[in-house]
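This document starts with one chain, in the form predicted on its own, laid out as structure tokens.
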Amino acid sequence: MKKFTELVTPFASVAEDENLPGQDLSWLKTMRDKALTQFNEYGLPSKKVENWKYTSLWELTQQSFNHQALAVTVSQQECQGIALLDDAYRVVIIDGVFDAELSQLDNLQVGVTIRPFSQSLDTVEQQLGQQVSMDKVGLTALNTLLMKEGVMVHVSAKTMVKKPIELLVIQSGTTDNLATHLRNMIMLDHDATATVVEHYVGLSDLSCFTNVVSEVVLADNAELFHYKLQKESKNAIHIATLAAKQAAGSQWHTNNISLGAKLVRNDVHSLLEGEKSHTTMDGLYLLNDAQHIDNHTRIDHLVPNTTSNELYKGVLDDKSHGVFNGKVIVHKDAQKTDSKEYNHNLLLSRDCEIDTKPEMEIYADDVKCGHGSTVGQLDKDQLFFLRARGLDEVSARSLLTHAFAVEVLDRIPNDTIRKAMSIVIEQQLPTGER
């Protein structure tokens, strides 16, 4: 059997001993069997794979992960202090286990279904796995093999969800080296509108591994505002795939903010399958110490008259390493495509590193496309200007760094979410070496 990596893990054998949901469903068993075959063939991607050349998963092979969490109690008060939003529908998952008492799913609006993934398998057969591919080298097959929990959101046609939906995933640190495999399904019927926030938090410095796949299905004229805030432990590994298929006239606005974890890999993919569909794909990553964050994005314009607008920004300090690889593909029939893609990075240390590669593949001749990237440092003239007006050096650096990063936050239309995100960002922003 052909192997695409030398990175060997015991993950495949874990499935034999796990009490996974849906074991009585024949279609799901078939899907898991296929995932096992794929994972045994491909394994973990090595740096020899082009899309993983700057990111090593070697550390995953050096740790023995636990897949069963010890019992843990988080109080309602603690949960409210962790949550990003006060007034929201909320699904709480602690150490990979759904917590019904801490979740807020009472009095759901008519036309809105929100349930833990493990209790939704009877409703997702037609959509599960349709937005992602297990045939590519990556961790989607592993997620499919071991997925236990997550959230299922379904919004009926012509329904506007009045409150945001927050998925709060907490790694308590009670179980050291805990691995959790989460699967999220977000499905909006035609002319539906919703706001979903994925929020990943670590409460201790213990190591852990989060492997999450989120699938988004948008019918005609549906609109989803999707936000992700990741601030897990500095010893965590976070691997995530977010993929959407968009029908005609649909709008997907996604904003991906990465703050925590030792190693982060975000794969974000949109398929614009219907005319007049649109994707806004934004992201912000703040790195310090020896953090490594890798953002890989892809937007496929498959039909005429589609648009996309992408902006990713990074602030790097100390010995951190950032990676941005953004690809926009305008297929041969996708005339009248309008696409913009930009990545900007601010380096605050002599020892940090960024590998940036925004790219476009254009096979149509009547398009309007632009892309680019920048890498720079704090402007000395601007620092001098602020210092001359009474600011100390740390305050001046903080102000300029915030001004650089805030553009991504300003693109969030929801005032409540934008302010909540801003507070978190301001607490996390580095100021750079003197």
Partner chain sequence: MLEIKNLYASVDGKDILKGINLTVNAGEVHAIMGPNGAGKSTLSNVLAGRDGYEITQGEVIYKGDNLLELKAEERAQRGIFLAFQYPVEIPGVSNVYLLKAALNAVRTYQGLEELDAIDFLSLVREKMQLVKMDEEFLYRGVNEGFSGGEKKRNEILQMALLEPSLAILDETDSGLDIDALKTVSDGVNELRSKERSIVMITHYQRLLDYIVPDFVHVLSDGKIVKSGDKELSKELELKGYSWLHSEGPAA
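For clarity, every value in this text was computed on a predicted model and none was experimentally measured. Positions refer to the first chain, counted from 1.
One more form of this protein should be noted, the form predicted in complex with the partner chain, which is absent from this view; the next part is about it.
Residue 70: heavy atom within 4.5 Å of the partner chain in the model of the complex? No, residue 70 is distant from the partner.
Looking in the model of the complex, any heavy atom of residue 58 within 4.5 Å of the partner chain? No, residue 58 stays farther than 4.5 Å from the partner chain in the model of the complex.
Contact with the partner chain in the model of the complex for residue 368, defined as at least one heavy atom pair within 4.5 Å: yes or no? Output for residue 368 is no: heavy atoms all beyond 4.5 Å of the partner chain.
Is there a heavy atom of residue 51 no more than 4.5 Å from a heavy atom of the partner chain in the model of the complex? Heavy-atom contact with the partner chain at 4.5 Å: absent for residue 51.
Heavy atom within 4.5 Å of the partner chain in the model of the complex: which of 35, 400, 409, 28? After the contact test, the surviving option is 400.
Go through 62-70, 35-43, 369-377, 387-395 and give me the stretch that gets within 4.5 Å of the partner chain in the model of the complex, heavy atoms only. Checking each option against the 4.5 Å cut-off leaves 387-395.
Go through 281-319 residue by residue and record those having a heavy atom within 4.5 Å of the partner chain in the model of the complex; state none if no residue qualifies. The stretch does not touch the partner at all.
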